[in-house]
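Given as structure tokens, the chain that follows is alone and in the form predicted on its own.
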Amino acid sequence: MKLDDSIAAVVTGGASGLGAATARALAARGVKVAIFDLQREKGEAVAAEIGGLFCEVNVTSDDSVDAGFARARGAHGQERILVNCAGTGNAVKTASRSKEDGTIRHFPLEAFNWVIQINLVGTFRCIAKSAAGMLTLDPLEEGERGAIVNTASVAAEDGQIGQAAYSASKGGVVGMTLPIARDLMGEGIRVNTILPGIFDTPLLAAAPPNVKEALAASVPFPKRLGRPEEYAKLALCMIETGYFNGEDVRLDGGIRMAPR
């Protein structure tokens, strides 16, 4: 897909981190970008910077996602690009014993479901609604109508202690990538997923310097945290390369996560 000002894109989670970097990279190529996020102040700032549009969207709500797409399409037209970066996580053992008093607890199911609803169901919700819109478009060269990029995590394959919900949600994103690509292949819509490793995003912003240094040292090469711009480069490669379809690609400096 050729990126220029005739193309519209939606980036979920585009107010910060990987999503913001991708929104900036798309806008730098002339693409009209709409940012879906709950962080209004940050999202509006990024949108103003790139000449895009901010839409306050909760990916767990049909009504909110529908309203976001309606607003984005009203301003920019039907999107040909969807990049799903909205996500969250938590860390709770499946079952554990308190060191203080021996009390036994298990992972609260509402906390498990919360992560699944945002990371997995929210991603699918946006894919399904965006793909339905893409079907209304005339095809481009080689019959292409659109391109979708999802965000999973290396935790989909080597989840750590306490990451049952997060790993399940990201593993679900990996697992649905090929079936969705097959669902949409007859309509010229490609679907790929990136599995980032340890990236320097707002999720790590509060970590002490020594923790960041230890994380960076654990990466085989290069021994540093991933940069959001590197995620954006891979996302754009997936979007622009017509033969890139149905793939799940790790972007992690070669790391394989230890149990903790």
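A quick note: this is a predicted structure, and the numbers were derived from the prediction, not measured. Residue positions are given as counts along the sequence shown, with the first one as 1.
Not on display, but discussed next: the form predicted in complex with a small molecule.
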- Note on the structure: Checked Val59, Ala235, Val31, Ala34 for heavy atoms within 4.5 Å of the small molecule in the predicted complex; positive is Val59
- Query: Out of the stretches listed (105 to 113, 147 to 155, 67 to 75, 132 to 140), which one is close to the small molecule in the predicted complex, meaning heavy atoms within 4.5 Å?
  - Reply: 147 to 155
- Message: Within 4.5 Å, heavy atoms only: does Ala15 come near the small molecule in the predicted complex?
- Response: yes
- With the cut-off set at 4.5 Å between non-hydrogen atoms, does Pro196 touch the small molecule in the predicted complex? yes
- Message: Can you tell me if Val83 lies within 4.5 angstroms of the small molecule in the predicted complex, counting non-hydrogen atoms only?
- Response: no
- Query: Does the 4.5 Å heavy atom contact test between Leu203 and the small molecule in the predicted complex come out positive?
  - Reply: yes
